Structures are given as structure tokens and as C-alpha cells.
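To begin, one chain is listed below as C-alpha cells, in the form predicted alone.
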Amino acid sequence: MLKGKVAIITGGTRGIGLETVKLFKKNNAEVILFGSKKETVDKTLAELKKEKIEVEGYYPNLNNPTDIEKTVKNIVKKYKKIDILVNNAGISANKKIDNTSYEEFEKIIDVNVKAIFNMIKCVVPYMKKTGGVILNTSSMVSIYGQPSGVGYPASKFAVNGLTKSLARELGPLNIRVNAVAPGIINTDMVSTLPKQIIDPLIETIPLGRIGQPIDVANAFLFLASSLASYITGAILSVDGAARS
């Protein structure tokens, strides 16, 4: 589905990002994953190599536009273009506002919003030449909010606004912009939760299970492919119809 495409996936060393890396590669894309630090990127590349999955990996500081620009320039020098950008890197929060410091709130905005803006701004000049697809990771809490950790839903509401606005701005340049809003997904963080917390959550999901990373990766694959050629500005919920 992605033959001949060049894709950058941030937050690609674990969970949803890693599953998306594997799926895009399986669908014949050239994949470049971004991670937060050298150690995790090297470890992920080594594990993928054992599975006979060959991708490239980098670890630019996503809050440093100069660092991103340098990395993206190197990628374009090698592959001649960038067709797909998946902005998946992010952090969550669950503290009540009384216990949330100004610095903690600012960090969430830096990683979940500013980093996406930086990545898009650095990639768009190249996409203008050939068209492209930009995909952002949102969350079900961008629609319903959450009872604590206000910085996280605030950042995802911002991701939705960025997605919808850039879809309108970049559409005339043949650049589609969409987001995927996962619900409760069986990532490392969720898998460590005790059964007494997980079971009540599952009861709120009509499909009767929590999601798997592949469920979200499949949504990214669809939106990245030509099957979604007339879809832009969408926030695609992947949550089993869960409602908070």
C-alpha cells in the first residue's frame, strides 16, 4: 500500500510508533524512525534487524528546529523526498492541577504540541514539491477530556486544532493532514496496570476489549495510503466506541 513512499515516524521506538514502523515497512515504504535518545534508537534498530526489518533511525531534539532541519535535510539528500510524516512522539499526564507544576505543564505542551509544529514546519517545504501526508497522534481525551492531568487533553485538543487548520491550509498543495485518536491501547504503560483497574475500563468499551497497537497502526496505514486520498482534516477515533 505504500510502495515507493518515504515515511518519517516520530516516537518510533516502542508501542504504537514501533508497530506503525513495522506495518509501514511491511507495506513497502522506506521508513525512518525518530526516538528520544541514541540508546533507545540503537536498541530498536538492533531488535528490528533480528526480525529482518531494515529501517533507519535518528534522535533529533524535537524542540530544536535546527536539529530537526539538519536531520530532515540528510534524509532528503538520501531518499530525495518525504511522502509521509507520522507525529507520534508524546507524553501523558495524570496529576491533579494542584500537584502539577508550571514546568510539568510546559513540558507536555513542548513535547505534544510544539514538537509537532516543528516537525511539520521542517517537512512541509519538501512536501510542497511532491504532495504528501501528515498524520498526528491525538487521543480520545481530546474529545472527552479526563478527570486529572489537564495538560494532556489540553495538548491533544491543540493537536486536533492544528490538524484541522493545516488540512485547510495545505490542501491546495496536495498535502493531506489527519489525526488518529486512540482510546485505551495495550501499550507498556497500560500493561502494567492491575486487573482491578483494567477490568472496569474494559466494561466501558462496547467492543469488549482494549485496543492493540496494531489497531492504531492500521488506521495510520489507511490514512497514509491512496485509499484515503479524499480524506483530510479528520480526527479518526480508534477506541472501540469507548465513551468517557
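Residues carry their position along the shown sequence, with the first being 1. Nothing here was measured: the structure is a model prediction, and the numbers come from that model.
Beyond what is shown, the protein has a form predicted together with a small molecule; the following relates to that form.
With the small molecule left out of view, the stretch that reaches within 4.5 Å of it through heavy atoms in the predicted complex is, among 86-94, 164-172, 118-126, 71-79, 86-94. Relative to the small molecule in the predicted complex, residues G15, S36 and I184 are all within 4.5 Å by at least one heavy atom. Using a 4.5 angstroms threshold between heavy atoms, Y152 counts as touching the small molecule in the predicted complex. Contact check for A217: every heavy atom lies farther than 4.5 Å from the small molecule in the predicted complex.
The small molecule in the predicted complex comes within 4.5 Å of a heavy atom belonging to L62. A residue is said to contact a partner when one of its heavy atoms sits within 4.5 Å of a partner heavy atom; V111 meets this definition for the small molecule in the predicted complex.
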